[in-house]
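The chain below stands alone, shown as structure tokens; this is the form predicted on its own.
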Amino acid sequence: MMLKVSDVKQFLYCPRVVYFTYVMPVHRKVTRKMEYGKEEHLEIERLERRRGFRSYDLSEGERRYRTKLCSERLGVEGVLDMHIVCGSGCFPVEFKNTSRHPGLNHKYQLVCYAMLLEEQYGKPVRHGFLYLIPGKRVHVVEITPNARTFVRKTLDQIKMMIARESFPPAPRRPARCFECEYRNYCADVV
């Protein structure tokens, strides 16, 4: 079974999203926030094409957008927003529409993409970037051995949840449920 890289992000935010995707597929309501996020991604990609690399603390490189990545070994695939290839290596970049500090779910999604890039290029990826759209800030994420292990364990947990068809508990932060597209299917939360 192939998972999506975004499943790592979703599972760490709320495992029920992944449950409703694979175990009990239901109609997913497209929210205004989701539509806005797509528009923002297109706009930031347009702007990135005109920019230098100073934000990433690089002197040169080549940007590659919406790269399809896949690892049979990890059992995961996804489309990375952007990555930069230069003489010192390659660096994944994910665009995030958040004005807060990036969440752990964002970090581990990026780590998963870094692992896929390592397979594609056959070179280690030491760090990547989360580009925070509202503040136009770049957040550096170190790709550590512990982070890679955490991603592998998360992928295993997702596969186990799907295989056992076990309904996961609600997230500890009920505020996450207010704008969730699956809110109507969780009868035990707000």
Partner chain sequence: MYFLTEEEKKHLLKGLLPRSRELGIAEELRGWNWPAPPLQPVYDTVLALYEVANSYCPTNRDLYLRRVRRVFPAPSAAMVQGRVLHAALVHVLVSAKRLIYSVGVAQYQTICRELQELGPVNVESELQALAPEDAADLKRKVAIVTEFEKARIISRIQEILFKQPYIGEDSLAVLAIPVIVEQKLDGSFLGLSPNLSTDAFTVCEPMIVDLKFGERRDFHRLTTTGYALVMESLYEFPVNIGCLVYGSFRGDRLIINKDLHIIDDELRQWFIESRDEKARMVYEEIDPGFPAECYQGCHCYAACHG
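Numbering follows the first chain given and starts at 1. Given the structure is predicted, the values throughout are model-derived calculations rather than measurements.
We do not show the form predicted in complex with the partner chain, though everything after this point is about it.
- Taking a 4.5 Å heavy atom cutoff to the partner chain in the predicted complex, the contact residue among Glu43, Glu62, Glu142, Glu165 is Glu142.
- Interface residue among Leu58, Ala147, Cys70, Leu155 relative to the partner chain in the predicted complex, by the heavy atom within 4.5 Å criterion: Ala147.
- Contact with the partner chain, judged by heavy atoms within 4.5 Å in the predicted complex, is confined among 116-124, 88-96, 75-83, 101-109 to 101-109.
- With contact defined as any non-hydrogen atom lying within 4.5 angstroms of the partner chain in the predicted complex, the stretch 70-98 contains no contacting residue.
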